[in-house]
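Only one chain comes next, encoded as structure tokens, the form predicted alone.
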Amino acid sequence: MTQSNSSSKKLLGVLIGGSGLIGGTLAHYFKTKTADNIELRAPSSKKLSIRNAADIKDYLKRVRPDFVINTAIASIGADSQLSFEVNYIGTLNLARAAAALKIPYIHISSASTLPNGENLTEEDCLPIVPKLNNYAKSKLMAEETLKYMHKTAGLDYTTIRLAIVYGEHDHKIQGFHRLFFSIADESMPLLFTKKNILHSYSNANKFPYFVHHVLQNREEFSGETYHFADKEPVELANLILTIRSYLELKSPREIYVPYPMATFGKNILEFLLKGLSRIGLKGGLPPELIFLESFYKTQTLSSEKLRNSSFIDPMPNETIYTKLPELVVYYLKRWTHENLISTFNETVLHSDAMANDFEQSPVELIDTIHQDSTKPFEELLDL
């Protein structure tokens, strides 16, 4: 699919994993920004299970899309079978279908496939060995199979590796937002990292622009892997303390917990939770703790290949630090409404007049709405 033929007819795409942060952001972008020339369908897992080859063949045969985007993943802490079936077999099934239909396949991968280190390029990757965690192993295997199918079956694919993703509308409290939640909930008393540990971050709001560009320029991006990450890495400790400052909290204290002590504490909690499960009390640690070692080791992704491509960053000055004020307000409001947190200083949030009236003056509010906001929509009167 090249830029020239993309303008000749309305294209139809299929998005797998539309309920996640990245998938939801893509779905919103294509619905609001490209509705005139691209239609994107995002079937739920009930309609289409990528673990089932028959489901994929039946659905794509019926829909006949012009491209497929796969953002679906098993949860980070999933067991080996689920990780293998969703992250690897699901990727393989979609790739086989895309190769048969001769359509582009955009695969979203992860920095979990990379070793620790600085300025890692697209050619860097971990070896596929048994001791890898299920998530990284399955994502690595998927990347390798896509390369193989590009050579042997002519698969037109692009792999996009994401670093730590930030953005609004993450409904699952995971990754960066798990860190943010721990700070907001005051459940992080100390810093579980050390000084000068750097990580790369990926902006969810920018990402759809890149995917759209990749779809429009297949000759340049076909068969390639790209890192999609902000140019400048971020020091983890500084980011945590900046969030603490925005929330006007006293914790976490600027005391660094050594890695051996952090792993010892994690092992103790796992032991206690396992014991409690035997008497019917269920609980668990955040699945992100499988990456605890990463809190103490630098991993930064090179974005040089991305910057040298034809893609132009639509928001070049936007970073995780410039987005923090919006993210703080958005997630604090949401988590408060869901009764997930209640300990933060509420003056951090800007007041919402209508919500305040709903709580304090419902009769006056309904009178106002009856006067001003109950007329039928004029735009629909003629339909």
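Since the structure is predicted, the reported quantities are computational estimates derived from the model, not experimental observations. Heads up: residue numbers just count along the shown sequence, starting at 1.
Form predicted together with a small molecule: not shown, discussed below.
Only one segment in the set 306-314, 189-197, 108-116, 292-300 has residues whose heavy atoms sit within 4.5 Å of the small molecule in the model of the complex; it is 108-116. Not displayed here, the small molecule is approached by Lys139 to within 4.5 Å at the level of heavy atoms in the model of the complex. Among heavy atoms of Leu21, some come within 4.5 Å of the small molecule in the model of the complex. Although the partner is absent here, Lys172 lies within 4.5 Å of the small molecule in the model of the complex, judged by heavy atoms. When contacts are judged by a 4.5 Å heavy atom cut-off, Val86 counts as touching the small molecule in the model of the complex.
Heavy atoms of every residue among Gly17, Ile50 and Leu162 are located within 4.5 Å of the small molecule in the model of the complex. None of Asn37, Thr322, Ser45, Thr336 but one reaches within 4.5 angstroms of the small molecule in the model of the complex through a heavy atom, and that residue is Ser45.
With the partner omitted here, the residue from Ala72, Val211, Ala229, Ala95 that has a non-hydrogen atom within 4.5 angstroms of the small molecule in the model of the complex is Ala72.
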